[in-house]
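Read on for two forms of one protein chain; each stands alone as structure tokens, with the labels structure 1 and structure 2.
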Structure 1
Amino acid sequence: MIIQVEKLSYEYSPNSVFAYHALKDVTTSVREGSFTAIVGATGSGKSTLVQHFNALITPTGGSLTVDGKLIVANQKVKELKPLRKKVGLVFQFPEYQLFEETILKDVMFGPLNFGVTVDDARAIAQESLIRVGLDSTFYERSPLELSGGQKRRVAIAGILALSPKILVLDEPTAGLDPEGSASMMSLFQNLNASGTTIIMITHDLNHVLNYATDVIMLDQGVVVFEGSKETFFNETDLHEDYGLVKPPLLELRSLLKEAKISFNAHTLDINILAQSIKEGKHD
């Protein structure tokens, strides 16, 4: 397990009237090399959980171990830098991650901070920007004077530039256009195939269906499911209670099943599905 969370609790503004227990005694884990999706309703604690993974916040109870590094409640984490290099976190709101004067500088910041030379940092930044679909016309522009989807791309590029061992993404495709969303997902899939552990918060069960290997589901600060993607989708009635809705492909499969039409129930490819319906008709 690359991340092991043990009885972790997190309380916002403890000892005040606004005290709020966002995570309650959470025990869960993330497999090394997995593509783990974290799902759950609005306010269930997803963003709070993942902010622990690079010690942006630390538990108010319990502990976690991230790639061998133990983080315990009420104890200042020493030597954060190696952890920050290892675990890259892309925020839910990209604005809070952008601060340099130009986009190129913004993406170079991470590598420079970890001791890469200016020339190398520039090359890494340019490469990262290309991967998120931003060409050289963007380099000298301000990262804050962009459209919503463009800001998200810069924020993702900034984290990619660190080549983290664990990439944590908080709703990375929210606000991206359909092509941007698809190409970002295949970028994450490629990184995963070459060994990066991916942890992704999403409300889009299509992405879970197509890309994830494992799923963790939260509800009101508690883990209510953890296991393989296959198990997750087979226990389908789980979804609606927790704010989720079936992806259209699974909706279609249920409709076909109800109508007693035979089809290939294993494919994720709509053309193969259609072909199997045609073949079924001749039987």
Structure 2
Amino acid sequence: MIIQVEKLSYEYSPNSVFAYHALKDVTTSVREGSFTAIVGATGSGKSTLVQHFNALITPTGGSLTVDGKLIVANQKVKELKPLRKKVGLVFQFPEYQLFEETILKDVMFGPLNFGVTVDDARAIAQESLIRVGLDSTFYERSPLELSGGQKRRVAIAGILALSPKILVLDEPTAGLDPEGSASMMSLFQNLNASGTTIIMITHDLNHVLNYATDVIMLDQGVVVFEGSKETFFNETDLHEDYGLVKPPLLELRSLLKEAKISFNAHTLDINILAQSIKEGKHD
């Protein structure tokens, strides 16, 4: 496991009237090379959990190990820079983090901060921008001139310029139109295929269905599910129990079942489902 969480707790504003336990004895893990979706209702602790992965915040109880780096409650974390290079955290609406006068300078900032030469930082930034679909015509443009989707790509390029082993995404398609959302998810899928471990917070179970391999579900700071995408969708009703919107494919399967039409009852692939209906096959 590239990330192992053991009885992790986090309390905001401890020892005050505003004290709030966002995480309560959370034990979970993330497989190296996986595309792990973290789901749950607003306020369930998703963002608080992932902020521990690069020690943006540290536990008030328990511990976690991130690619061999142990972080223990109430102990100061040493050598944070290597960890934060290894774990790239892309916040919701990351375009608000853009601050340089040109796109190229913005993406160069991270490598320069880690001691890379100007020439090498420029080359790294150019490669990262190409990876997110932005060519040389964008280099000298101001981030303020870009569309929302393009700004998001620049922000992601800035993280990729550090060559993270783990990429953490907090609602990465929020505010994007369907075309921009699909393009963004395709980018993350390609990064995952090239070996990057992807951890994605999302409310969109259709993204979970189409892209994730594993699922972690939180409710009120507690893990209520951990396992494969197939188990999550085929062997539980958690998406219904906790008020999440069921993906259209699962809605279709429910309608087919009610109509007593034979089909492959466990497929999560629309093409296989259609073929099974055509052939009258079922599990």
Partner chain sequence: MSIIEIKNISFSYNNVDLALNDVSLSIPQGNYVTIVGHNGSGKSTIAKCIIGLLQTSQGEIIVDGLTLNNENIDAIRSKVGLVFQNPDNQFIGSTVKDDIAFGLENHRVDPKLMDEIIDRFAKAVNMSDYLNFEPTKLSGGQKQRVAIAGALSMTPKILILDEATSMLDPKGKSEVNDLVKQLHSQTNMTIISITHDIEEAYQSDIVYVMNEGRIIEFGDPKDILAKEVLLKSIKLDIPFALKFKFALNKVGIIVDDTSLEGMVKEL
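Residue positions are counted from 1 along structure 1's sequence. Every value quoted in this text rests on a predicted model; they were computed, and no experiment measured them. Throughout, rigid core stands for the largest set of C-alpha atoms superposing within 1.5 Å between the two forms.
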(Q) Just verifying the output here: the form predicted together with its partner chain should be either structure 1 or structure 2. Which one is it? (A) 1
**Q.** Rigid core superposed: Thr173 CA moves 2 Å or more between structure 1 and structure 2
**A.** no
Q. Does the C-alpha of Ile130 move 2 Å or more between structure 1 and structure 2 once the rigid core is lined up?
A. yes
Q: For Gly88, decide whether the Cα shift between structure 1 and structure 2 is 2 Å or greater, given a superposition on the rigid core.
A: no
Q | Distance the CA of Gln275 travels between structure 1 and structure 2 [rigid core superposed, Å] | A | 6.1
Q. Keeping the rigid core fixed, what distance in angstrom separates the two C-alpha positions of Val154 between structure 1 and structure 2?
A. 3.7
